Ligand SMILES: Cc1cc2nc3c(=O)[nH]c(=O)nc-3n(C[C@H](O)[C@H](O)[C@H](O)COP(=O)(O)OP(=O)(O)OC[C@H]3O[C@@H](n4cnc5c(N)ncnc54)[C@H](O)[C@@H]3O)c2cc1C
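Presented as structure tokens, the chain that follows is alone, the form predicted on its own.
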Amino acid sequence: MKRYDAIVIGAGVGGLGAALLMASAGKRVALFEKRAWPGGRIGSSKRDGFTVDFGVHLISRGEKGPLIQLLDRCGVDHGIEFTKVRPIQSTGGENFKFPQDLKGRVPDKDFDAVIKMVTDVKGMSDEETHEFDSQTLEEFLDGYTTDPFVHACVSQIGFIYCCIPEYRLSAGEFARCLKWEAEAHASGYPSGGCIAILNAYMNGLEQYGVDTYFGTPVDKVVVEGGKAVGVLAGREEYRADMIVSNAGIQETVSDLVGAEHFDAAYVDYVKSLEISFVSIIARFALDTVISPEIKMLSGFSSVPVKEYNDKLMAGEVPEELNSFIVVPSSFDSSVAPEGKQLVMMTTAVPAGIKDEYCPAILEALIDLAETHFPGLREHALFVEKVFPSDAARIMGEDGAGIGIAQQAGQAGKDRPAIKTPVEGLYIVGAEAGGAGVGTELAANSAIEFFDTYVA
């Protein structure tokens, strides 16, 4: 039986970050991952000379954000640089920058209201944002303007941050994401693709002697006397003083630990937690470069947000789709062979949407992308299509774009706690603690875990 100071389950960003922080502090750490590769949503693969990210990413705060702060804090020499980008929005075939280009598209009073909202948010302290944790973004924005075009535009920004619409998204979480991004002014794409971040974390684990067990699923967390004391994996038992799970809070409680080890109220609470929207993704590797000026484009429908999502759930494809298109090869030439291009696109849909509705939505997404990249289909060397059922099989969490949704009642001060009622058992990643955009949320969770319970 092997013994460690800490065992981490799951090699997503939260698990990698927690393992690296503990190991750099002198802890003996083991990391278990059921798949043969690490990275979760930030992982990448190589194919025909292309480096293809699993998710459709920009890094909100780039080199100034927690993904890189964590590496620097642990003394990992990563050499990652970022190509900065200013997000561009699009609707009705026209591109514009938020918020200034709303002027003339909405009444002056509503434009002034948006400017005031953005100014107010940027002026908030982090503590002040928590006053709005339990309020939805829709409710918060209504305090400034009820213009439906403004709501559709701001809701799409919230979607990019947190993968849920304005009528669910916590206004406090939106405020943090917006102000942190504005303060950093460093949104961008990492040199070498997102796999460069993953490789840096893996190098850090090697640097500090973390034992990694890939392709080794944890079957059970061992609990004795109300305390988590180890795990069973690959017919072996491993013991540790701390068990840190990046396997998802619901999966950890129900499957790895077992409901019998928690009181009924906590089990019911965990079951009640809602996940973010799920993603439909297409990845196009092209034999030529089309529209080289486009790096990132966010498109939104002018249809009222709730009506838009009701249409999706009913199997209707809206005439205008919400979309997020990223062209990694426009940031970093190393992710595609010379003279070729990599185009990634996604649209978020409600969790629980019927599988049979998804192919038509994806084709509409590709049609939309082709208006910006003429000849997209005919120049494809290969196309990878990812539906929610695929993401659920690969990533778990029912294919959630992020994880436990950062919605009102589940964000900020209302976020599920990292420390569980079982002594010695902790949850990290986009499931508990933390704040921020996507992978940065997961990194912040790891930092919060370490600073609160280890350091």
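The structure displayed is predicted, hence computed values, not measured ones. In case it trips you up, residue 1 is the first one in the sequence shown, and so on.
Unshown form predicted in complex with the named molecule; subsequent notes refer to it.
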Whether H130, L178 and I418 all lie within 4.5 angstroms of the named molecule in the predicted complex by heavy atom: no
With heavy atoms only and a cut-off of 4.5 Å, decide whether K34 touches the named molecule in the predicted complex. yes
Would you please decide whether T439 lies within 4.5 angstroms of the named molecule in the predicted complex, comparing each non-hydrogen atom pair? yes
Determine whether any heavy atom of V335 comes within 4.5 Å of a heavy atom of the named molecule in the predicted complex, and answer yes or no. no
Does S170 reach the named molecule in the predicted complex if we count a contact as any heavy atom within 4.5 Å? no
With the named molecule left out of view, which of I294, L256, V303, I366 would have a heavy atom within 4.5 Å of it in the predicted complex? L256
Which pick from L321, C153, V218, I249 sits with a heavy atom within 4.5 Å of the named molecule in the predicted complex? V218
Given that the partner is absent here, state which listed stretch (418-426, 44-52, 401-409, 22-30) has heavy atoms within 4.5 Å of the named molecule in the predicted complex. 401-409
In the predicted complex, residues of 268-304 near the named molecule [heavy atom within 4.5 Å]: S279, I281
